[in-house]
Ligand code: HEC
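Here's a solo chain for you in structure tokens, the form predicted on its own.
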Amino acid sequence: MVHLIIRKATLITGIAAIALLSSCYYDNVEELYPQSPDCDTTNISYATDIFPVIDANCIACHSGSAPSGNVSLSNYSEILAASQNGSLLGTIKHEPGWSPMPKNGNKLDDCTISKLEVWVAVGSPDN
């Protein structure tokens, strides 16, 4: 009888230890969502990395005398304003509350979005 009680206590202790250890697992974002080694987000430049994306994906609708949604992105100061008010990242990341862009198009790839995020995070410099 004593052996049966000891076995049950050992089993319960073992299960409790496993449960406690598994609940302490730490998720590292970099390990869970690794960035492609081909995506270099260091030294992001407006002229090299940012404006070409805007030009290829936004300018057709967001420029001229009647830009779509009354949002013009045809020059640095307009793009800077969109980066500062949150609309640039909100729309390209398809966040709730923002109209997903490019309109009727696919979401930009993760690397491009990462570059835009880094550029905005460092103050959206014109270099």
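Each residue number is its position in the shown sequence, starting from 1. Here the structure is a predicted model, which means the values were calculated and not measured.
Form predicted in complex with the ligand: not shown, discussed below.
Of the heavy atoms in residue 57, some are within 4.5 Å of the ligand in the predicted complex.
Within this chain, residue 52 is remote from the site of the ligand in the predicted complex, having no heavy atom within 4.5 Å. Using a 4.5 Å cutoff between non-hydrogen atoms, residue 44 does not count as a contact of the ligand in the predicted complex. Using a 4.5 angstroms limit between non-hydrogen atoms, residue 69 touches the ligand in the predicted complex. In summary, among the residues 99, 48, 77, 84, the only one with a non-hydrogen atom within 4.5 Å of the ligand in the predicted complex is 99.
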